Structures are given as C-alpha cells and as structure tokens.
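Taking the form predicted alone, here's one chain by itself in structure tokens.
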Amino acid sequence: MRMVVAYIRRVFKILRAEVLVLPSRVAVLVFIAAVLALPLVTQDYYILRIMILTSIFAILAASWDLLSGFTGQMNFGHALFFGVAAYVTALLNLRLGLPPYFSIPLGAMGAVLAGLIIGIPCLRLKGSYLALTTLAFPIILMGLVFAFPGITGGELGLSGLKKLTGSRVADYYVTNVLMLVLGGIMWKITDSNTGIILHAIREDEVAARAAGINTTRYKLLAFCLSGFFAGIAGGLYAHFMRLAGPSTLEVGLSFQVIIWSVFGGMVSIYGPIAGVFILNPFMEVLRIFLDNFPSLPEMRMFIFAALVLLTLRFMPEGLIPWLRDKVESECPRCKVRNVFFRRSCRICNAEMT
C-alpha cells in the first residue's frame, strides 16, 4: 500500500513539475482525457464512427510527418502504405482466417516491405523528382489491383472481414488507445538521437554525410518506420470498415494526409494528429449543416479549401505551432519553453525577452 501511495505521489509530482507548467502540455493532457472519456458521455454510433475513423487517419497523418516532415523525403504516395496494409490484412483474414490481432501487425509488415521497395530506388532522388516518383507507386499498385481481380477483388475490393472487436465502444477504445500510444512512440522517436539525425538529413544531407552519418540507412529507416505506422492504420481501417478496396490507394487520400499535416503543423507529430481531429469532424458537422439547405450549391469543399488557405496564409507553420508560440516563449539561454507571461526562465532564471 505504501508503494502505491508513493507511486501516486511521484506521478502528481511529475505532473506538477513537468506537465502543468506549460499550456501545451496541459492541452495534451486534456485531449487525452477527453478522448478516453467520450464514450462515457455518448455512445451514439455515428459519433463514435467518426471519431474512430479520425483516430485511424491521425495515425496515418503522423506517420507521413515522420517521413516527410522530419526527414524531408517528400512522399506524395503515402496511401500506398495504407492500401498495401489494408489488402494484406484482408487477404490474411479472409484466406487464412487470422484474427485482427495477427492480421493487422502482419499487414503493417507488408507496408514495411513496401517502404523498402519504394525507398531503395528513391534514395538518390530529391525534391520534386522524389515526390513525383512516390506518387507513381500507388497508381501502379491500383493498376495491379484491377489486373488481378481474382486475388484483389477488382473494383469491388475484398469485403466480409471480421469485425475489429465485438462492439462499437470497444472499437473506439482500441483505435484511440493505439492512436495515443503510436503517436507517443513516433514523438519519442523524433525526440531521440534518431530524430536529431533525421533533422540533420532534412536540413543538409551533404553535411550530415560529411559528419559520418550513414544517410542511406537512416532514410531507409524513415521509410520503413513510416510504412509500419501507416500500415497499422491501414489494417485498423480494413477491419473496422470490413473492406479493403481501391479507395485505400487513391491519390486523393495521399493529398488529404498532406493537407491534414500542413494544417496542423509539420515536424511535430502532434500537429498532424490535431489537424485530423479538427478538420475531419469539422467536415462532417459542415456536411450535416449544409444538408439542411438543399437549395445551396455544394459549399463544403469550398469552405474547407478557404479554411486551409487562410491558415497557410496567416499561420505558415501550421495551426498548432502558431497557437503554441502565442502562449509559450523560449528561453534565449537554455532554450527551455516557458509560459508567455514569465519574466524569468523556470530552469536557469535567465531574463525572458
């Protein structure tokens, strides 16, 4: 009992000293609590469905940021990882009868293999050449899907997969807890020595190579890690929707991921997650609202585009970094972030300017 009390005190001490001192960390804590508490407030099937899909797409967007945001390897075909994992998961479930907790990780490994297949020929490409090359891969795979309908189901895809769990609430907790855990893992990767190396490759690959960094190995690692996390999202999507079809490979999905990430804020992991959780429910609410006015033309995509353009115009680094810079400031001496109204740094007591 004493150990439990000591552990609880330690947790509260960490919360008070490390979390509650910065608005951004408090916001993350509130977000996690809200996500976990939503089914206690409502168990409406439609709301839970929207939030389940939002959490799946949040994993996908964060995985894109891990590759393109941190490493600078601009990927316009990120839907490839999502689609490959969805099809591999579906085939393993339908043909071999594997349950979701086996088929989803194996589908993610299929996406890792796809990351290797893409990464190796793309290692020497940069900029627009790399972006256009990665854009071609999901288009090629979609052609193969239509060419072998006996295996892939053709235009109809593969349907009839086992449900993710037995209930909608359980689906919600599985997807959202995985989103929080995988998001934390991706953030931790970018905050480690590996993340520093990925930053260095993005800023100046020649200088990184001159410093003795094997940039080829780390770029391949970025492709594989990004593919794995996107593959988890693809497997979750396939089992939740009970379908793996050509829509999982569409070019539009790749660009949607980029929009979510740029809107929320690249090179942060939490920015793309926040972008998905803002834009995806917003679009659903907007659709319901506009359905009440059938005389109006289709304005949903116009409003969506205007919102994104205004954000990019006035917040070029993304919404979340812009908000964070408004409520926090960086110490000029030790580079630790402090709440904006502090006159001295909470770590080194240097004067805040």
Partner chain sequence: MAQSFLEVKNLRKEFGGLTATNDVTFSMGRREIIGLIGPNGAGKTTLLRLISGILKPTSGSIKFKGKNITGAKTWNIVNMGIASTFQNMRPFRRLPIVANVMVPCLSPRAMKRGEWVKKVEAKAMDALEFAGISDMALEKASTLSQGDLKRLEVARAVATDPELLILDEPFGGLSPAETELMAKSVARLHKGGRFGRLHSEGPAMIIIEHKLQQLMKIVDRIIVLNFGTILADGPPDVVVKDPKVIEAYLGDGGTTCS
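Numbering follows the first chain given and starts at 1. Everything quoted here is computed from the prediction, not taken from an experiment.
Note that the form predicted together with its partner chain isn't included here; everything after this is about it.
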Listed residue that, although its partner chain is not shown, lies within 4.5 Å of it in the model of the complex (heavy atoms), from 181, 211, 96, 156: 211
Sole residue of 256, 176, 268, 215 within 4.5 Å of its partner chain in the model of the complex, by heavy atom: 215
Every residue of 193, 197 and 202 near its partner chain in the model of the complex, heavy atom within 4.5 Å: yes
Partner-proximal stretch of 244-252, 275-283, 81-89, 215-223 relative to its partner chain in the model of the complex, 4.5 angstroms, heavy atom: 215-223
Its partner chain contact in the model of the complex: residue 333, any heavy atom under 4.5 Å: yes
